[in-house]
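Given next, in structure tokens, is a single chain: the form predicted alone.
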Amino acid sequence: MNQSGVPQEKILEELSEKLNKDLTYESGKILGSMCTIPHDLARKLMTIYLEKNLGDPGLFKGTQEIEIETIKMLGSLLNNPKSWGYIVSGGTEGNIVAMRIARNIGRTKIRGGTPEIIIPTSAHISFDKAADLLGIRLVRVNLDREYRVKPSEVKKAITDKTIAIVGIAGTTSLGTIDPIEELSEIALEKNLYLHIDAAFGGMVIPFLERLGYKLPKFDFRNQGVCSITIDPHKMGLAPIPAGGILFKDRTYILENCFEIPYLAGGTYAHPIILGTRSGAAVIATWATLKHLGIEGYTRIVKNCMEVTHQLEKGIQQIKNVELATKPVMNIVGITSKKLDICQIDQELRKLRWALGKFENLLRIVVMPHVKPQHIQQFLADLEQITKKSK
């Protein structure tokens, strides 16, 4: 830290130089991110309300009311306006919170030993973090040919130590949707907690349904679903940090809270991980949801899907690469039986294309910042790389 301080102009110059190394969403070359440029209204509100802290909601009662309204909007989108929850730092925190509550509910039903939670092999790394933090054991279940969890295998994996099942609505690698309706039936039959990780899909699938896509019912329409992770800072165009964790009703939360007595705004009880929380992000999320509405988000998803189909068709025309599976939403997986995917990824990165890299595939997430001209250029570069890689 400088002894006497540095003039603002000098700071801005230095920042410009350092941040010039960053890739930008505006370039259209960030193809592997599940985040995008926040809506203009959200960006404006973030700067206005930076001091709002929902870690001490007694001081910011209006902001707390806005969070409750935000959760109700998200709950309505997920077909349960009576659901209860919080805007959290992201999907990772949301999943960890859900697993903690599932553990607390479930451990009273098992007779000693380590609680077990059944997850698909496609589950996000946040569940590994949850297991490490919470002292639970993960039981991984294989996927079918469409990269969805097999309900029959889930059922076989249940033991007297099982406390919860996890389903994914929009997997990280390919955007596939697990058969949540069948998982719900299993959860009800076996009296198990069912959590749905819809961190990405939660702000996509409801609008795909409105566009006529036939997709599994993934949300609170399924009686066995206890909680859902949904992230407005992904396809919701809200600013980071704005993840969401919603529960079927408030009873899940009331029985699993930490009471904090020393806050300036008065005693407060909450079940989430972070203390200090950005009220500005909540306000910006609330405003963006209200401003865009169902019609606005449906248009955004429609546009993303049109670009996705452009990409899908383009990949099918390039030799020696293929689709990992037909895209379910605006996520596309590229694989190859003849070429080295790692080498293709390296060559693409030399051209500043940033994709998601998995063991045997490359992932593209067609976010709102990805335009038709970006995909056209990407496909041209990919074709040239594949020709050189023979």
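One-based numbering along the sequence shown. Nothing here was measured: the structure is a model prediction, and the numbers come from that model.
Keep in mind the form predicted in complex with a small molecule is missing from the figure; the text below concerns it.
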inquiry  = On the criterion of a non-hydrogen atom at 4.5 angstroms or closer, are His124, Asp231 and Lys234 all touching the small molecule in the model of the complex?
reply    = yes
Picking from Leu59, Leu323, Met34, Met46, the single residue whose non-hydrogen atoms come within 4.5 angstroms of the small molecule in the model of the complex is Met34
The one option of Asn222, Thr162, Asn256, Thr92 with any heavy atom within 4.5 Å of the small molecule in the model of the complex is Thr92
Note: the small molecule not shown here; in the model of the complex, the stretch from 70-78, 152-160, 184-192, 84-92 having heavy atoms within 4.5 Å of it is 84-92
Residue-level question: is Ala199 within 4.5 Å of the small molecule in the model of the complex, judged on heavy atoms? yes
Checklist entry - At the 4.5 Å heavy atom threshold, is Asn303 in contact with the small molecule in the model of the complex? => result no
Taking any heavy atom pair closer than or equal to 4.5 Å as contact, tell me whether Lys52 reaches the small molecule in the model of the complex. no
Give a yes/no on whether Asn104 approaches the small molecule to within 4.5 Å in the model of the complex, heavy atoms considered. no
